[in-house]
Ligand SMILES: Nc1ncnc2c1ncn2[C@@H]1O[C@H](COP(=O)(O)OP(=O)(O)OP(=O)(O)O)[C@@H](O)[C@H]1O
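There is one chain below, alone, in structure tokens, taken in the form predicted alone.
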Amino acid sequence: MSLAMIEVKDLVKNYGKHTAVDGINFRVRKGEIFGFLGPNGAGKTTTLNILAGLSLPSSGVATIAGLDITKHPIGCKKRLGIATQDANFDHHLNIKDNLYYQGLLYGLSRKELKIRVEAALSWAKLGKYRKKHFHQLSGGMQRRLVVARAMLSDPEIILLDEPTTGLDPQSRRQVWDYIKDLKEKGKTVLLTTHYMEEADVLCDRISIIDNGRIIACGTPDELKKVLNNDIVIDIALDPAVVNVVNRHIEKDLRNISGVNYIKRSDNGIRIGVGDDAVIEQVLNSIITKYKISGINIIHPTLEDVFLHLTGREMR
């Protein structure tokens, strides 16, 4: 089993009579991107705040690289970098000076810090904007800068709280590339998100959390299999020959292992298969023999999983 860089056991956080985190358990392996997927108010940020030492748990245990967060808070913080939703940059300083003065809090020498600030700006592709102030940057640049700040101390673990909230699709995908780069650099990443696609694209494993409880955990593919849903292949055919061709296609497909069902329609045929490996066999069988006018492949989504598990849409 891979080394657990973050491990949480029976973690609880109460605010008076309200339970924000309700006895959750999970572990984040070294070098993986682990996602907390859930709606606003599910307990994602509260959990990150506890791991970052910004809030104390009501009960339970959490460790960072084997260190208990309540018994060894300084040791834990030395291993962490955190990118919060609130940027909290000094509006009177340019972004280079912001990084420099905030980097002093890590106890780095001024010589080392100058090197690391330049490296952070270069990584975030913000070197030519070093004299700009935070509010003068675009939304995507701001989020990259927040992540770059989290990397100043070269931590083993990066905590990202809703890293792309409020960004346009292009900027969001740019930030995704930077998060993937963190993994390539050997970092362990724990991120929170309420974007289904973001969790699917970035995360090696995902915990779905709702009302303070983890209700499912696994790889994106494992979670999708919770539904026991087939991958659907919709084949559109020429209306003039659809009835005749459908009969032949149906006969051919029944010889392919992994085809779970075949349904005819007015303009084609719908095929349900168990996994991606069967798709190629099905398409080769049809495309080489028949003239088709369209193909649509529909996979189960994380949104389908969330609806199945919670009975409602993401808030």
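The model shown is predicted, which means the values in this text are computed figures rather than measured ones. So that there is no doubt, residue numbering starts at 1 and follows the sequence shown.
As for the form predicted together with the ligand, it is not shown, yet the points below apply to it.
The stretch among 254-262, 34-42, 279-287, 62-70 whose residues place heavy atoms within 4.5 Å of the ligand in the predicted bound form is 34-42. Taking 230, 200, 162, 156 one by one, only a single residue has any non-hydrogen atom within 4.5 Å of the ligand in the predicted bound form, and it is 162. Note on the partner interface in the predicted bound form: the residue among 224, 205, 194, 77 having a heavy atom within 4.5 angstroms of the ligand is 194. For residue 136, no non-hydrogen atom is located within 4.5 Å of the ligand in the predicted bound form, even though that partner is not displayed.
Taking the partner from elsewhere, residue 88 is found to have every heavy atom lying beyond 4.5 Å of the ligand in the predicted bound form. In the predicted bound form, the ligand sits beyond 4.5 Å of every heavy atom of residue 292. A residue is said to contact a partner when one of its heavy atoms sits within 4.5 Å of a partner heavy atom; residue 246 fails this definition for the ligand in the predicted bound form, lying far away. Residues of 12-34 placing a heavy atom within 4.5 Å of the ligand in the predicted bound form, in sequence order: 15, 18, 20.
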